[in-house]
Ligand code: NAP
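Just one chain is shown here, as structure tokens, and it is the form predicted on its own.
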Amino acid sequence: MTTSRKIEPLPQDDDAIRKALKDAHLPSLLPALAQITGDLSLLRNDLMPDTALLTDPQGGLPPEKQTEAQELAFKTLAAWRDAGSVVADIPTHSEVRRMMDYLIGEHVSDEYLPLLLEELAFADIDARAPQWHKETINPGRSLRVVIIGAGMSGILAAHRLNQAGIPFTVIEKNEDVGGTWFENTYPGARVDSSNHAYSYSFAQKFDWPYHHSPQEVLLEYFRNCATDFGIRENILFNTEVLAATYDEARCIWKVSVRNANGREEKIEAEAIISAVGQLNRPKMPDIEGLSSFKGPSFHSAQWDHEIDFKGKAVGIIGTGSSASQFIPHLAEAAREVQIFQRTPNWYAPAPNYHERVADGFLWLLKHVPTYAQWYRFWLFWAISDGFLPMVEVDNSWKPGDAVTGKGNRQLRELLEASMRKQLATRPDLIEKALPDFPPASKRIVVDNGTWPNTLLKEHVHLITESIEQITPRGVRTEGNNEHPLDILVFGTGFQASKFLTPMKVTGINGVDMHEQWDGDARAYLGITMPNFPNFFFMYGPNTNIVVNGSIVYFSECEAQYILECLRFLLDSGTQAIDCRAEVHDAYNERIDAGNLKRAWGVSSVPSWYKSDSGRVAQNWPFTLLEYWQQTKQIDPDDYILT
């Protein structure tokens, strides 16, 4: 089962333990050993990780200290095994804080402690699960929910509703679950967050084969979750939502769908959860002659696996995250690769990006209780709020500056040094590939050196001249330069800011959702909006995170808030809640002001973070803690109650 882990007993073979410890992540192993033995003396000050080096695989421990830590871990594990492998009682909060303080090298504040305890999920406790059930609150009340989408967020929402005993139907346009990880099958597709963090806190998987798993592994995880959670029978596959209309007299939503047979039907529900995501509608560029090319052409999200690239001249328009993943694969087969770049990217070094998880590390996850949780905690903290200072905008910033402040300068120096080193033999490529805008103005691409190594190949050409036209034979750039091609691939991203496109959603008094947004999607907490009672978003406006954490975390917070809203409906007898306009507007004013204090908010560089008006419609500008606090429970005063 995905939702539980069976810990295997330690073998009597001491050599097997010693061998595995060579692959151990020592900073997170020692707190795990302290917890299962109850011996906090294992948390020695001289073996404490350096808080400034959390991204280092061993937390900055020098080789001699790593050897000491390995020997300490061996003696502890062997003694624990010989004593019967009895796991100590769940530690007190003060003991957990001591372990956390050790692991991150600083004191964990009282504010963060409850959040981090949820993330750790000790003893497979699902701390964010609803602690109530519809049948014990209001069994006679009709409260049906339609969930739109069966990707990561939709599966999560369905699981929470199932736990609470609330009837639901999931509408999924594809033939299976997985969302992004079902649709994007291009070569090289993989997650850029570590998998031990990019997974549900309550369904942690200890046997990920890669640190950053490829698409097929992620799809298998979400397929298994849907099965293990028992929600598949509630999903209507190959069914697309066309429209949703709110009936004020009855306080219900009427959802129009087109089923697998092409017939249109209506489904009624008291509430809707939109879990369609932000990156689900491919974006094609606005280029003259777009459809004139005579050879095969397609968007990366609609990959044509029938095409053989061997010996062909291939053109790629776009160099974002997806393109950076599939271009190296095309370069291995194609005779010639022409990469048309509008805007360069910053690349964050991730040495283990394509690496399999070491056998010894997997062995320890299987044999040492709580090791998986502590490793996840390490990852959570390493990529959490500590990175926000690196994207802050100082008061001295001026438009056009290459950095937004002191922290951003440090980040730029780190990323620039890495890129210059990798492209040192080609100064011409450095000039083309090195951005002149502040890091984090647009999405930073994760890479382990594969991208620069691809650019250095003789048959790969990075073209920065602007495209004038797509022709039947290829691409014409400025100066009337023709680039003959056999195949053309678009790596031009998604229509991220056009939420719920192309659905038509009609709320109170016939208000159209897209007309109300007028090109700028907004929502209170990214979850609710005025004039649309009992309509909730998952991964809605301004809930994307850029440098601090995994989107799964945000989805879990959103699901918790939505379930609290539904509980309020049951408990109070209220038929519907409608977000107050003044609450919504004040919240979004604060979001906009916060984004203008971040690199992505002030930079003019093109980015999918922004809507056509230039407003940041995607990103959350504050801490993970703050969003967790705001979504713990509903404040009824934020809503008009029907």
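Heads up: residue numbers just count along the shown sequence, starting at 1. These numbers were taken from a predicted model, which means no experiment stands behind them.
Just so you know, the form predicted in complex with the ligand exists too; it's not on screen, but the next bit is about it.
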Legend entry - Heavy atom within 4.5 Å of the ligand in the predicted complex - the one residue of Glu106, Asp518, Asp512, Asp286 that qualifies: Asp286
Legend entry - Among the candidates Thr454, Thr492, Gln338, Thr239, the residue which, in the predicted complex, approaches the ligand to within 4.5 Å (heavy atoms): Thr492
Inset, instruction - Spell it out for me: taking the ligand in the predicted complex, does every residue among Phe554, Asn595 and Leu624 have a heavy atom no farther than 4.5 Å from it? - result: no
Inset, instruction - Examine Thr343 and determine whether its closest non-hydrogen atom to the ligand in the predicted complex is within 4.5 angstroms. - result: yes
Inset, instruction - Determine whether any heavy atom of Asp192 comes within 4.5 Å of a heavy atom of the ligand in the predicted complex, and answer yes or no. - result: yes
Legend entry - Contact of Trp608 with the ligand in the predicted complex (heavy atom, 4.5 Å): yes
Inset, instruction - Evaluate Gly318 for contact with the ligand in the predicted complex, applying a 4.5 angstroms cut-off between non-hydrogen atoms, and reply yes or no. - result: yes
Inset, instruction - Name the stretch, out of 394-402, 157-165, 359-367, 437-445, where some heavy atom lies within 4.5 Å of the ligand in the predicted complex. - result: 437-445
Legend entry - Those residues of 402-417 which, in the predicted complex, come within 4.5 Å of the ligand by heavy atom: none
